[in-house]
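Below you'll find only one chain, the form predicted on its own, shown as structure tokens.
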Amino acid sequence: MNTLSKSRELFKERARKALTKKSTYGPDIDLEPYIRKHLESSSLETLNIRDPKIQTRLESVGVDVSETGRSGSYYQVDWKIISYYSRIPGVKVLTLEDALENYWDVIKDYFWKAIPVDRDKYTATVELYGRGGYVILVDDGVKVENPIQTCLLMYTRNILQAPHNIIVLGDNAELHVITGCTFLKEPSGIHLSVSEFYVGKGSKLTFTMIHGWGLQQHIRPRTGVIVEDEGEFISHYIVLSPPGTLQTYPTVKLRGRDSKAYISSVSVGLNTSIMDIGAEIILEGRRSIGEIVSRSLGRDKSTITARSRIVGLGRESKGHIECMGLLLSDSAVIEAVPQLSAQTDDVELTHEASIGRIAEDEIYYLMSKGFTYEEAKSIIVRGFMSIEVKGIPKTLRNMIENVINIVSSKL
């Protein structure tokens, strides 16, 4: 048995013991029906991702099927990989299966290292039953000007989609990845994913994820990030079309000195969706800096829990949390849970959190300027949801603003 086989068997053994381990946060989901359907599936319908209807759907989550201004792409429908490629020398875009078979010596130090395989039943299921996932490897010194895009599309009813993604940046490298996750035909199903990101010394990784789901889907992404000396990680998580349930809590370890992390999220709760969205930054390196910013908008009978945690371990480290919620319904619930933990005497950690409704005096002020009541309400919501989205191209920024405008116009 070679080293890859031995390692996989050890991971699978740990995963099997965790198949009933519930997540710390969020509603529990029975995975057995989805696993059974997954094991019974032998083939999937082949989709033309350039079909106009599919293209429109993908564009709604930031995926450009024309691939203009993209340095590479990865497309996966359910568990079937449609295509993947890189246009940039020094940048590899692979499937997980390809990477394990042909680049094991390269990725063995990054496989299940940022997240434990037995963290919960969802990580365990990805290891035991998952298929697909992308691996992006960036050589030292390579700075990629245009983003690489990845697309994870759910199509088959009651499907289990469970990719394992890995991004590794060498030293002094730079990359922006845009990930769009959505569905066709309103299928019921569950999307699990494991994403491990490794940012080398002096490198910068920007990761923008846009989710467009429906009430028949349950979403459980698991993300771990490790950042080395003077590295920087920027993350934007945008949920403007919520699933039935969602639970996510990425952990970023700023292991290196002078390392940085900025995590932002914008989430809109609609209908009866239940979302538990969090993030954690661990400041291990000296003079490391972390910031978590979240905006939550609650409508209808939705429930949103916004969690944020910063742990200060490194000397002279700094962290800040900004968590804000806006309720637009008497039946919606938003809960903010900011946490700060200082474990050395020269860290600086701060937070601000607020949940409220639209102030009537703000609406009346705008109405005095000639706006209708609904227009005034829409303007206030757009302003609330607009946060600084660092490090993304102007075209994507405009697309996000357009989606926010559409959501706010339907209040």
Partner chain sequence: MYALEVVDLTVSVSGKRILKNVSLNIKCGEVVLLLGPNGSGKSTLVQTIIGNPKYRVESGKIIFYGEDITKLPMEARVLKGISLAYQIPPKIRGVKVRDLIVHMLRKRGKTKNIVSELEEYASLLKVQHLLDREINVGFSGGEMKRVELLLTLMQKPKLALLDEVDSGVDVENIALMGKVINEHLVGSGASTLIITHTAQIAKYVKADKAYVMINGSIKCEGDAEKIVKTILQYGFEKCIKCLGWKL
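Positions refer to the first chain, counted from 1. Predicted model, so just to flag it, every value in this text is computed and none were measured.
Although not depicted, the form predicted in complex with the partner chain is the subject of the following passage.
Trainee: 324, 365 and 375 - do all three of these have some heavy atom no more than 4.5 Å from the partner chain in the model of the complex?
Mentor: Yes, because 324, 365 and 375 each have a heavy atom that approaches the partner chain to within 4.5 Å in the model of the complex.
Trainee: Identify, from the list 36, 357, 369, 50, the residue with a heavy atom within 4.5 Å of the partner chain in the model of the complex.
Mentor: None of the other options qualify; the answer is 369.
Trainee: State the residue from 361, 346, 30, 40 whose non-hydrogen atoms include one within 4.5 Å of the partner chain in the model of the complex.
Mentor: Contact with the partner chain in the model of the complex is made by 361 alone.
Trainee: Quick check for you: of 58-66, 375-383, 338-346, 22-30, which stretch puts a non-hydrogen atom within 4.5 Å of the partner chain in the model of the complex?
Mentor: Going by heavy atoms within 4.5 Å, the stretch is 375-383.
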